[in-house]
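Here's a solo chain for you in structure tokens, the form predicted alone.
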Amino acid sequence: MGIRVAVAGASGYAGGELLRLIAGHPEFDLVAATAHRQAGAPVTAVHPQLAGLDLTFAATDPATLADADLVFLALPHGESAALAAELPESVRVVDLGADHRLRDADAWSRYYGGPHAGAWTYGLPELPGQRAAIAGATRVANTGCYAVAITLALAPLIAVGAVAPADVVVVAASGTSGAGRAAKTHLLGSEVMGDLSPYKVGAHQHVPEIKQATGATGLSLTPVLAPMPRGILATVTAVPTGDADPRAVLADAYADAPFVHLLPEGAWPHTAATAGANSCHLQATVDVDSGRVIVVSAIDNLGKGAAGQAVQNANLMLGLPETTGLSTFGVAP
């Protein structure tokens, strides 16, 4: 028997990606996949890409999950905390929702509403000191999808004082799977195809998380819905505070990071190049007119932005190499 893992909320897009990664993981045994409305249905009725996975969705309750060594919570924001509180302390938990990401209760109330459940260890291993913190934790809060793309582009520059933390501007395009699987008119193919549209302008819920993770004190984020199923392309700009080479700063920060790739000079990130991978592709330059530092970041929002990141965190928590069961290579075309 391998390490027993379970997925709560396995009928969603992130949950389905978790099931795919767990099925190919050499150390994990999937012992339960739970859902709400889909409870009792075969997993393959919801995720036909997992043909051959002979498993039925169970109801989401603590008893179903308590026998696992580690549980992934892929539930809507605001639903993880109550379930996690009923799991034994011996069960390690990775929460893909937002419930435990923010340390500031006021920020939680402002952007999410409802009671603040408290912060867990933040699950971005590439931040200084976080690998060790995650490895020693039994409860880890996975990053938000925009948050990981932007944090990896920005955090090293702020950490060394290469850019000013008070004036960061981000425009980031995301695929439709980032909005979840629930049926919504604005996500219909006829509405999305051939169109780009901004949303939650000036008020996206990942802003306080990004500020907390990067040290930014002023951040403007404009998210854009793009006509693609998965991927995030974030363009991050900031004011330089000196003459530091942003590429050199990023190269130094991620020299030992297996999933973060600074592309060769002149090559720019593409979302398709990260599809199906747990990778982040970065490129940086300085704007010849404004002098602002520009960093472009690409990830798969269901990979490094959700399920892949969750497996990376779980590997660390369980004492495994963080790359176990994860690919750095995308699927193309």
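In this text, residue numbers run from 1 along the sequence as written. Since we're looking at a predicted model, the values are computed, not measured.
FYI, the form predicted together with a further copy of the same chain isn't displayed, but the following is about it.
Chemist: Considering a further copy of the same chain in the predicted bound form, find the one stretch among 84 to 92, 130 to 138, 187 to 195, 100 to 108 with heavy atoms no farther than 4.5 Å from it.
Modeler: Of the options, only 187 to 195 has residues within 4.5 Å of the partner.
Chemist: Test of understanding: in the predicted bound form, would residue 227 fall inside 4.5 Å of a further copy of the same chain by heavy atoms?
Modeler: The answer is yes: residue 227 has a heavy atom within 4.5 Å of a further copy of the same chain.
Chemist: Using a 4.5 Å heavy atom cut-off, state whether residue 52 contacts a further copy of the same chain in the predicted bound form.
Modeler: Taking the distances in the predicted bound form, the answer for residue 52 is yes, it comes within 4.5 Å of a further copy of the same chain.
Chemist: Flag residue 115 as yes or no: does it have a non-hydrogen atom within 4.5 angstroms of any non-hydrogen atom of a further copy of the same chain in the predicted bound form?
Modeler: Heavy-atom contact with a further copy of the same chain at 4.5 Å: absent for residue 115.
Chemist: Given that the partner is absent here, does residue 302 sit within 4.5 Å of a further copy of the same chain in the predicted bound form, heavy atoms only?
Modeler: Yes, contact at 4.5 Å.
Chemist: Given a 4.5 Å distance limit between heavy atoms, list every residue of 229 to 251 close to a further copy of the same chain in the predicted bound form, or none if there are none.
Modeler: 229, 230, 233, 235, 237, in sequence order.
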